[in-house]
Every structure is written in C-alpha cells, then in structure tokens.
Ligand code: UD1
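Here's a solo chain for you in structure tokens, the form predicted on its own.
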C-alpha cells in the first residue's frame, strides 16, 4: 500500500482560513413593539435564557477577534443584563433607521480592521452553531465579498426574497414590501445572517440610500453592489425563524423543548407524557430516570440514575442523587442524597441539603438546613436554619421557630433524637443525641443528650360544663 501524501497547498489554504480575522456584529436595536412588553424583545426568554444570550452563545465557538452588539431601544437595560460578557462591545444606533444604518455604526469602531464581518440578528435564537460555521467557511472558501444565509419556505410571507442563479451567485435581495406580485412567488428568503469582506463592505456602506417603502437604509441593498455574492441554504428552515411576537416566542419555546426531551430520551430518560414537561438546557440526567407528567426543570439541575420525578414537580438549580423519588413537590437550590423519598407536597427551599436515605413527607417545608442520613420528616413540619443529625424522627407538626422578629437563629438536633407531634423548638436551641421531646412541647432551652423534654401546662377539666 502506497504512502498517503499530504496536499500541502490545501493544508496551507485551510490554515489561512482559520487565521483570518473575524468580527461579529449582532443587531439588537429594534423596539419589538409586537411583543407588547416593557422588556426589549431580545431580553424575552426561551427555556430560561434570553433571545440575545442564545444568539451570543451560538456563535461563541468561532472565537472572534471582536464581538459587537448594536443596541438602540432600551440600550442601557440590555447592556446591564449582558454585563457578564466581558468581550462584548456595545455600539449605539440612534436613531434606528434600518439594518444598513445599524451596520454603518461600525465604520468608526472597525477602522483599520482587515478581515471578515459576520452579522447575526438578535432575535433569531434557533440558528445552530454548525450552520453559522458553515456560512463562514463557505464565505472564505469561495473568497466571496458577501455570503448570506438563505432558506426555502413553503410560505415566504414577511421575508425579503433572494434572487440567485443556479451557480449560487446572488444578484439581488428585495424586501417583501418592495416586491412585485411576480417577485413574491420566489420562495428563497433572506435569513438576515451575513458574512462580508469588511474592507469592501466599509467602502460601500456610505452609498446606501433610503429610497424604499419604509424610507430606511436596507443592508440588503448593498448585495447587488458587490462583484461576487453567494449564499448558503439551510437544510432546516426553522433555524432562521425570527421572534417578533409572543406567538412566535411560544412556538420557538415548544421547538427547543421538543429537541431537549428527544435528546434525553435517546440517552435513557423516560417521559410518560413528554409534551406536559419542560426542561432547561443546563439539565443533566443519568440513565433510567422516569419523568412523570406536569414536571418541570429550571436552571442547572442534576438527576441521578433510577430516579422517579413527578407527577407535578418543579425542580430548579438542584442536584438529585440516585434512586430518589419525588412526588408533587417543589425543590429549589437544594442537594438531595441517594435513596431518598420526597413528597407529596413537600417544599425544599434554597440552601437545603438532604443526606442519603431521607424521607420528607406531606406538607413539609425545609429552608437553609442540613438533614442527616436516615432522618424522617414526614408530616406537616417546618424546618428552617437547622442542622439535624442522622436518623432523627421529626414528629408531625414540629416547627423550628427560627425568627425572633429581627434575626434568624439556628436549631441543632443531634443523632437519633425524636420530637413529638406539635413540638416547637425556639431557636437558638440545641438538642443533644437520643433526646425525646414530648408531644405539644415548646422548648426554649438546650436539652442534653439522653434526656426527655416535656413542656406543657397542666390539663384542666371542668365537669358538667355548658356555655348556657
């Protein structure tokens, strides 16, 4: 078998593509009036993340030299929300006079830049990273001056039409409002995502005019000014869907939720009624998890193997161990150990940790507490700011009275301690190990290990009693 030779010229060409400088600009200046919201459109959320965060994250794999967000309406609110993106540069478009006018705002900040400019819309969150990469790669491989992302739609209403020849060379883009009836029959639409040779684009931007139905500067008008423009057609037209109102927002949410459920079902998770459950993209499930109807996961959730979650549960930013069963309960910012049973109707609040083999039952609320291994809190109890040892048995209606009206105080309960029904532990208080608390007691003082603590008033009975 002969030796395989390496095409050095092709390898060098590939390396040159990878070395080319890249700037990304995301358009996010519009008002989004059809959303009917006090929030800017790009700050509307899908699966817990804003539209603009999704667009930013979808192109982060490209590692651009510079990344811009062009803002206008509610610019300060958007900038505050995205302040954790350290590499993001904000460019103000004021007033908002069309997409061409938006990109003109880069002429100053990109002065002296030599490379490619990728332009994305801040309200198109479904565009996949691999599709964006494909757009950039074709632009560079073809040495195009402009490359746009297109889609073929059965119903192209509302989109600008792209006119290209069989070789893929784009001759013109016409916005729908400016199309003739014949031109509207064209089903190839412009997605609003582009790649440009910046040096050539910068020379043409000042030539744009507003002689159109909306009296705006269209970026699409610039395409016919280039000597060579091409396009990449997406395989799945849903990728290029823009979000303009709450109906489209809900449609996009449903699509992402469907993708997430299918992903985890392929990896060993069962949903008994998939359409009634919602997830976040930060959730991670082990195998043989069963998710019952009307169960929802928010934020960063981890669910171990052989768990049964639901029906009727809400989990948020929580970690669930192996072999855990949760029924009709709310769990937030909590860690649950293995082999535990929670619910029905339990509420585990932030900063709660359950060790292994715990049982948390009907109408139990736990907040900012540690519950030791094998401990049972089965009925009608409130445990707040407390540390419970192992194999504690908390009787029905037990309350740790942690708030004195001004400050929160801690309750410490030792191993193997038992509290009777309707006990109240007034914090700060410490119960040692193997303590038994008599039913109906209100304790205000520490109890040493191995003790029985009873605090009750003397029962008084008056015979032959009548209200008359």
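Positions refer to the first chain, counted from 1. In this text, rigid core is short for the largest set of C-alphas that superpose within 1.5 Å between two forms. Bear in mind that the values here come from a model prediction, so they are computed numbers and not experimental data.
Here the subject shifts to the form predicted in complex with this ligand, a form of this protein not shown in this document.
Contact check for residue 297: every heavy atom lies farther than 4.5 Å from this ligand in the predicted bound form. Looking at residue 437, you'd find every heavy atom of it more than 4.5 angstroms from this ligand in the predicted bound form.
Not displayed here, this ligand is approached by residue 244 to within 4.5 Å at the level of heavy atoms in the predicted bound form.
Contact check for residue 122: a heavy atom falls within 4.5 Å of this ligand in the predicted bound form. This chain lacks the partner; the member of 97, 391, 183, 276 within 4.5 angstroms of this ligand in the predicted bound form by a non-hydrogen atom is 97. Site annotation in the predicted bound form: the residue of 30, 432, 420, 64 reaching within 4.5 Å of this ligand with a heavy atom is 30. Figure note: of the listed segments 310 to 318, 156 to 164, 373 to 381, 251 to 259, the one touching this ligand in the predicted bound form, with heavy atoms no more than 4.5 Å away, is 156 to 164. Once both forms are fitted on their rigid core, the CA atom of residue 156 lies 2 Å or more apart between this form and the one not shown.
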